[in-house]
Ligand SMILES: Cc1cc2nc3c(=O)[nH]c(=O)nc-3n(C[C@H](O)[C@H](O)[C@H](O)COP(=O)(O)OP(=O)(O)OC[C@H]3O[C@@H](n4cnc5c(N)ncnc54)[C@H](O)[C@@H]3O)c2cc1C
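Heads up, the chain below is alone and in the form predicted on its own; it's given as structure tokens.
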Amino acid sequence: MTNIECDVAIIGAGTAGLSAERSARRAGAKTLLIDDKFAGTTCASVGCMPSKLLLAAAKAAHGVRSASEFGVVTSGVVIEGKQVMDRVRRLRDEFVADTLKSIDKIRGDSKLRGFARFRDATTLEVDGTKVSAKAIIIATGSTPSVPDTFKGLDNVLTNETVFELLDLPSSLAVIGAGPLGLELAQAFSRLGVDVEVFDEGKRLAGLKDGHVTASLRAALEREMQIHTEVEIQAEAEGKTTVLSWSGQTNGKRTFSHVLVATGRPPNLKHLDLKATGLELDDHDIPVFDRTTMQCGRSSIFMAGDVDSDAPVLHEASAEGAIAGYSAAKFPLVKPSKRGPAFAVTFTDPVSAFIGKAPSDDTVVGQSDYADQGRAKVEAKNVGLVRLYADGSGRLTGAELATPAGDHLAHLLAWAMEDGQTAMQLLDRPFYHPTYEEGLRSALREICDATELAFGDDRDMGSAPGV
């Protein structure tokens, strides 16, 4: 058996793994990056980028259909499904190629192709090669979950297969009303596909605030049906699937395709974690400290989707950097600062949550975008922002479903990371007319509730719609 020794071994060459390898190497460690394929990141190949390419096509189609609102009359919209999907794959492959270039820059003796499993807490076996490391980082990502109800059906899609469609489906049942499910559901609907969404729960896009959820749902249901709190049964009928559901709504329908978006559990099964002696939680995921990414007091660290903490790209990259540095410095591990929780769903309107959920003593401010000036100009006047603050007016969290919500969410995340209060944000310039102005109503409500007085100069432009 071949033996390899290194300071830090990283299992997985996705976003988190690449970030971890780079961070550990910069911290002076001899690294070894292990992956079974070295095929590119989830984001580039089956996640963020191909989904946004599909959303871009959907936005173009929706813009043409909506043009009459502005007095721009079109003769109709023709969707060439094959061209849509061809562009998605073509540009997706370019994004994947870019990630492969970054992998190619890593020295050949710092990469090992194969499947890794633990022999003990500091030793891996990779297809017959023994790897001894002072520290090991698990960055193996996640895999789509397909419930038993849908296994064996010929027309079932996941986010890892949907972008391989050569043409648009004629009808689509989307199982799961989380971020991925809703993004793809709305995209396909706007591209002319007959879409319905189903979920056993009642939340949309991971939102917890009932007011924001209701606002988002009202907007989305203008374009497609959404069934929540339903039990679902499926059976094959030729090349199609017959779906039956009961609960808050009841029905039965045949779909040409079914997209399962019910979550992505972590890739841990084949690692033989029992050999490590790590403490596991109720879901058999190692218990770890999110400020160091260290599992207990061991020399093993976690990063990215595999830890099921915050499965979004910027968090995977940040966790990889923290894990890489911590592993390189092991056993001298020190906590790193983490920003507020921050996730965006690119529906229209965009939804997002930032920071902490409200508690009983949280101060809440609200802005309704139904009458917001810039939103009315653009004919996008739907949605809601709910800002959360403590008794001093310092922002602690937010949920929203608004036009340009991804941009608003960034501003709020930065403000929370800096510990800004509603009063301090109202002191900042708000250009007119912008979507950002819509935040002022919510900020004023927080100031009023926390008895923070402000002068007339901050009320300028406070007429309805501003």
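Nothing here was measured: the structure is a model prediction, and the numbers come from that model. We number the residues from 1 along the sequence you see.
What comes next is about the form predicted in complex with the named molecule, which does not appear here.
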Practice task
Report yes if all three of 16, 37 and 313 come within 4.5 Å of the named molecule in the predicted complex by some heavy atom, otherwise no.
Solution key: yes
As a check of understanding, the residue in 321, 271, 333, 278 with any heavy atom within 4.5 Å of the named molecule in the predicted complex should be identified as 271
With the partner omitted here, the residue among 140, 351, 326, 372 that in the predicted complex has a heavy atom within 4.5 Å of the named molecule is 140
With a 4.5 Å heavy atom cut-off to the named molecule in the predicted complex, the contacting stretch among 148 to 156, 228 to 236, 305 to 313, 188 to 196 is 305 to 313
Worksheet item: Even though the named molecule is not shown here, does residue 51 get within 4.5 Å of it in the predicted complex, heavy atoms only?
Response: yes
- Message: I'd like to know if residue 135 sits close to the named molecule in the predicted complex, meaning any non-hydrogen atom pair within 4.5 angstroms.
- Response: no
Although the named molecule is absent from this view, report whether residue 9 comes within 4.5 Å of it in the predicted complex, heavy atoms only. no
| query | Would residue 217 count as touching the named molecule in the predicted complex under a 4.5 Å heavy atom rule? | reply | no
Of the residues spanning 94 to 115, the ones with some heavy atom within 4.5 Å of the named molecule in the predicted complex are 114, 115
